[in-house]
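Quick heads-up: it's one chain on its own, the form predicted alone, in structure tokens.
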Amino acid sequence: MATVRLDQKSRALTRAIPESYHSALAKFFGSGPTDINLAREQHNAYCKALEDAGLEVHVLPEDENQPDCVFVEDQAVIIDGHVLLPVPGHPSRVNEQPPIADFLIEKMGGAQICRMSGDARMDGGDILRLGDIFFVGRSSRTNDGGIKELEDLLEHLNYELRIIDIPDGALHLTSIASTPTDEIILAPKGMLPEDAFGELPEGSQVCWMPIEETYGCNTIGLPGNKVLVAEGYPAVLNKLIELNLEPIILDVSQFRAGDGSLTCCSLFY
């Protein structure tokens, strides 16, 4: 989940992997999951890594009718006690949302709940936060109507929104960029223009990684200078170490096979 600051990451919502996961949507990073047992082992390791970092982790039951249900990030946008429930960009994923919405409404008593409607479409994976600046990807899953509803919420909260057009070879903004800290963006050089993020606040920077390590640019920053990072991306790993961060390396090959990344599998609330 890329819309919360590090100091707001104390509880995480995840969701178990169904047997039907082999039918997950796959077009960008993967060609479809091949090993459900391995996928579950990798998901268990993911949840344990969050717990070991001091977070309280809740795992919702899987839904066999929703092959992509493990990718909870797309189903809610949580910003400072406000929850925006988008209409997901792919029709097959709409019915993943109700149990996630019910859980958040129950656990976040008093939260302001907003629901998208009409032709607005958005996946939570298209949103990235750097301090008080939010970036949204205009993508195959997020349209101008969805961006306008997000903009309305952010204006109410006095935050800035910047739009980034996502190239055809990428699914979401967080598929190709992440914030391992509240001041650093990781992104693949050549996938986005070098001015894509605009002028950043003093002390913030974009660290451009080799385009062949695009997938590795999706990380999760955690309290205590810890960062979850996918196995197999040495340039990203070395950059995190250079930044005095503590990488926690995870094998997420079966996430990737279903077009998912590290941030896809959790919501911080």
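Nothing here was measured: the structure is a model prediction, and the numbers come from that model. The numbering used is simple: start at 1 and walk along the sequence shown.
The following text describes the form predicted together with a small molecule, which does not appear among the structures shown.
Per the 4.5 Å heavy atom criterion, the small molecule in the predicted bound form is contacted by stretch 169-177, the sole one of 106-114, 151-159, 193-201, 169-177.
Contact check for residue 93: a non-hydrogen atom falls within 4.5 Å of the small molecule in the predicted bound form.
Taking non-hydrogen atoms only, residue 71 approaches the small molecule to within 4.5 angstroms in the predicted bound form.
Contact annotation: residue 267 falls outside 4.5 Å of the small molecule in the predicted bound form, judged by heavy atom distances. When contacts are judged by a 4.5 Å heavy atom cut-off, residue 141 counts as touching the small molecule in the predicted bound form.
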